[in-house]
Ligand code: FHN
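The chain that follows stands alone, in the form predicted alone, written as structure tokens.
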């Protein structure tokens, strides 16, 4: 069991870049996934959206192909958000996608397509539920319900991992309240290699594999960030939106630039974290063009510079002002977007000998000088890639 878990953890770490998908009946209103809560829509009124949901242009083959063009190695999709609506064919509720006019199981189709195109699939699931009548009246009944749904997802679709979100709603004694350790043991009995993440805003429990940072980088606003991941400790993953919204928001036009997204991806890798970048599909099943354009631009950058992201480790230098750095056993990758005024970087590397250096995207040689415990690396001015110019240093 432990060997399967460690193998899955290493695979996840090496993938580095994933697509987050927030999609549900809330997309019909085009005001984000919290619209039911923020606008105090009664359950009976909100339920009517189910009878309007008919995403006739949903094409999982195109979604997965887009993720691949963006250089993403995995997809994490919402199977049930806080509104309680299930985007899969659950045997435990009638409040689900297969009872809409669309009738089809969109999660099953996406899983099939991910496997066909060799992209890993993980599931977001919300234990918090604004719809289920027992959530506020019978905690034992509700706990059995949501535990059974998580196990149902694992048995039915066999995802690489489960990404829980909502336990922060009852944060006191979080393990006992939500009976997490009990659930995790049963999850691993069914699927020994299943990865578990829980966005509960507390330190990870021993059975959790992924520590999530929402809309920020590890160490930016989190006192519990460790500068080095201990053996067996949780892996880091930052999740962010392309604009300011998770679910589809027709009025949110504040889209991050491709350059900003590339730097965020590099920053995550430089902090030894994966980057989970969100899209919120429209109610018809399409992904808005602004997001497609940005994802494809990031993919174009990764075609030339992917060696500096995939399979690398971070935490090479502490908060370098010029950018960030990643490494493998044989190379250190300098990600530069804020160069100093001098035409070189001064790196303190007392135990490393640099054999040679080059621009990763073109192979053009870069001059380096070794001076005792320092390495001086020449950098071109202006930078050839304003988003992130990568210099690969082969080291011994």
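Small disclaimer: the values here were computed from a predicted structure and weren't measured. Numbering follows the first chain given and starts at 1.
As for the form predicted in complex with the named molecule, it is not shown, yet the points below apply to it.
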So in the predicted bound form, are 23, 58 and 79 all sitting within 4.5 Å of the named molecule, heavy atoms only? no
From 313, 96, 201, 147: within 4.5 Å of the named molecule in the predicted bound form by heavy atoms is 201
The one residue among 102, 168, 322, 142 placing a heavy atom within 4.5 Å of the named molecule in the predicted bound form is 168
Choose one stretch from 68-76, 297-305, 189-197, 157-165: the one whose residues place a heavy atom within 4.5 angstroms of the named molecule in the predicted bound form. 157-165
So in the predicted bound form, does residue 34 come within 4.5 Å of the named molecule, heavy atom to heavy atom? yes
Residue 246 near the named molecule in the predicted bound form, any heavy atom under 4.5 Å? yes
Report whether the minimum heavy atom distance between residue 239 and the named molecule in the predicted bound form is within 4.5 Å. yes
Using a 4.5 Å heavy atom cut-off, state whether residue 184 contacts the named molecule in the predicted bound form. no
In the predicted bound form, residues of 102-135 near the named molecule [heavy atom within 4.5 Å]: 124
